[in-house]
Ligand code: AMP
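Here we start with a single chain on its own, the form predicted alone, put down as structure tokens.
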Amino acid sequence: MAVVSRCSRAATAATTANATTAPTFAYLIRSLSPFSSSSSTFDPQNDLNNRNKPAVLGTLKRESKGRNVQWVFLGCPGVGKGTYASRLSNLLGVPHISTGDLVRDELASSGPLSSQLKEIVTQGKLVSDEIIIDLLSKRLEAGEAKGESGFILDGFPRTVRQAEILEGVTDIDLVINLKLREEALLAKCLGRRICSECGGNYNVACIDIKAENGRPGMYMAPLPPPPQCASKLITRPDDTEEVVKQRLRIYQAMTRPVEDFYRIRGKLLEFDLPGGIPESWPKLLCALNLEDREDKQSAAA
């Protein structure tokens, strides 16, 4: 049965009081058994000093590729969901599916949804559930045909209704909620750049927030492009201060309840980003009880 049909049935079921549980996706074979059902907040400043305490999420090492993890990344627009989801995707050997990328691909395709999506995105509005579910369903169906197993979702669900639809078709093992202080988040969004030729993502912002009033400082270095991309950088049309602030307001109003949805189900891990990738990545791995041996070897070289 097509994935589109399953998602459509789940979307309908989520709006009715007597909805029954829809079938799971055929290719999502098993849940990740080492993980417990408790939610957790990871404080990078304190938790790394107590590595002998009982692990919240069990132990998972590099050799665990093929476990078919079914994870979701939450967080404000621009927080870095794509960056960390992509890294974990490579580490665990599962596809990283970004609904933002799906929307941008559809925009670039000049397909039937292109003009409608362009107006929505440039105004900083959320794409409707129907459009997102349609795009995601097609992506999952294509992955199923290629033999993909498991996923790391980035950008979905963004509303409680979407979370209910997702719950109706599959079991999510873990939801990672990335958090970043607002002043850093705004600067990070405004500093984003894309290479118009290769599509690479970079950031020209140098974020240096001094410690004050008991709050720790934060430093996030720029992520400059290689020389061949330096003259080809463009800014996403939705990365303006007005649109970014509007997206943050929408997130506060509509997506924060999704955090509560997963928190009460014991699947939410909240992670406060302490800085840029060099500082945050190893601490995120620690929070997940993961180990990236290649990253360690690179750092030691």
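Being a predicted model, the structure only gives us computed values, none of them experimental. All residue numbers are counted from 1 along the displayed sequence.
One more form of this protein should be noted, the form predicted in complex with the ligand, which is absent from this view; the next part is about it.
Interface residue among Leu92, Leu140, Val127, Leu178, judged by heavy atoms within 4.5 Å of the ligand in the model of the complex: Val127. The contact with the ligand in the model of the complex, taken as any heavy atom within 4.5 Å, belongs to Gly155 out of Pro225, Gly80, Gly168, Gly155. Every residue of the trio Val103, Ile132 and Gln162 has some heavy atom no more than 4.5 Å from the ligand in the model of the complex. The ligand in the model of the complex comes within 4.5 Å of a heavy atom belonging to Val121. Using a 4.5 Å cutoff between non-hydrogen atoms, Arg236 counts as a contact of the ligand in the model of the complex. The ligand is not shown here, but in the model of the complex it comes within 4.5 Å of a heavy atom of Arg247.
Residue contact with the ligand in the model of the complex: Thr99 places a heavy atom within 4.5 Å of it.
Only one of 140-148, 103-111, 211-219, 226-234 places residue heavy atoms within 4.5 angstroms of the ligand in the model of the complex, namely 103-111.
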